[in-house]
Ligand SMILES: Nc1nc2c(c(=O)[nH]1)N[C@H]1C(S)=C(S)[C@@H](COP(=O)(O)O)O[C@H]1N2
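Next up: just one chain, as structure tokens, the form predicted alone.
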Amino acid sequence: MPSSPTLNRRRLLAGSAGALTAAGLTPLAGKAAAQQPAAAPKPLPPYAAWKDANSLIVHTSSTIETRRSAFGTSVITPGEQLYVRNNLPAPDAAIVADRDAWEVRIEGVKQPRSLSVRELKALGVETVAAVLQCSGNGRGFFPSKPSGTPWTVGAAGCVLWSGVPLRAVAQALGGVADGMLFITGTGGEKLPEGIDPKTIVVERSVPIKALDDALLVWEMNGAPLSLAHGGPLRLVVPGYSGINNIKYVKRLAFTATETDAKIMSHGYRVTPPGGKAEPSQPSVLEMGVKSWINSPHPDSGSLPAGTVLIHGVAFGGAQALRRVEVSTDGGKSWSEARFVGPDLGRFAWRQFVLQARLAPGSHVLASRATDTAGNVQPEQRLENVAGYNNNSWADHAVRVSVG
């Protein structure tokens, strides 16, 4: 993986028309998308120009999805293929010119102060494999067509994060102050002038229990953290949706209450259909158990009858994964799949495979995961206004044709 987006490997164009089919929608939706004429492709934005355009769907300059067919059978998602979601325009690339000089203000500790990345590197280091997933991943399957990017499965990946444990930072500054119940991270994007910063700043709060696992990271998959993924410094909270993993983090505060920033008080709330987002509704925080099949998929074309290897990915979100089952008849019957590849820990995903014999005809392939707490991936999505937290196995199923 290139260490910087300035390494411009490719400027190929990524097609956006037919993207839903390429990403592996459920059968009827995929068929409808395939019948649409191709639209003009969209180029990768400059800050992400180093990525592999053939593996990606460019929705907008701030939303880039991994194609379902690009996930492969390895555990780790290469940086070149990892999705991108920015709530604000990416900062100028100058902020990664001297990575060690970047500073983050630590508050809500007994000895608050600013620390540079250089100083953070002296406090400790850990490497954690964790799934990074946008809370809207799976939104494209909602029949209500919520506003926002119509992600299918590609707003997710499993990567290696390296950085200093947040608990080590807190200890070095005298410990967390009394009465603090949340960890609040603030992004370092440039904010427009003339408006209330709280209406647009990327600032989120997670429960203090996340201190056990949270990191301030400067490296991803063995390379310096790119601008596209939050470099030079990012807050990573394993098990929590992507929005809580603050890019370009410039302030990290232990607080007694949640931030009143709009992106927390009203944004990323699980709002019932017909309602309006407000603070009493559940916030998008910990991820749930989820899986999907990556191959075969609708773009595979007609498969020969006989033995087929069905493979995909599964993760437990905030819990470790226990097992994955696969169905070749749309959920009428299930067979337990086999995990392949290394187990990289509680927060990583697992690749699974099932060898099945498929007779000629049409088959609906589905996967269903169970975590170590006994939570089972549900058949149906939780309907909500914004299309968040879709872990429905029925939505993520695919139809394949066998000749």
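Only a predicted model underlies this, so the values are computations on that prediction, with no experimental measurement involved. All residue numbers refer to positions in the sequence shown, first residue = 1.
A second form of this protein, the form predicted together with this ligand, is not displayed here; the remarks below concern that form.
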_At 4.5 Å by heavy atoms, is each residue in E189, H229 and I243 next to this ligand in the model of the complex?_
yes
*Although this ligand is absent from this view, report whether Y268 comes within 4.5 Å of it in the model of the complex, heavy atoms only.*
yes
*Looking at the partner-bound form in the model of the complex, is F254 within 4.5 Å of this ligand by any heavy atom?*
no
*asked:* Check I76 for me: does it contact this ligand in the model of the complex (non-hydrogen atoms, 4.5 angstroms)?
replied: no
_W292, heavy atom within 4.5 angstroms of this ligand in the model of the complex_ = no
_Please identify the residue among R139, H311, H297, R234 with any heavy atom within 4.5 Å of this ligand in the model of the complex._
R234
*asked:* Only one of V324, V202, V206, V131 gets a heavy atom within 4.5 Å of this ligand in the model of the complex. Which one?
replied: V202
*Counting only heavy atoms and a 4.5 Å cutoff, which of 245 to 253, 98 to 106, 299 to 307, 276 to 284 contacts this ligand in the model of the complex?*
245 to 253
*What residues of 63 to 89, in sequence order, lie within 4.5 Å of this ligand in the model of the complex by heavy atom?*
Y83, V84, R85, N86, N87, L88
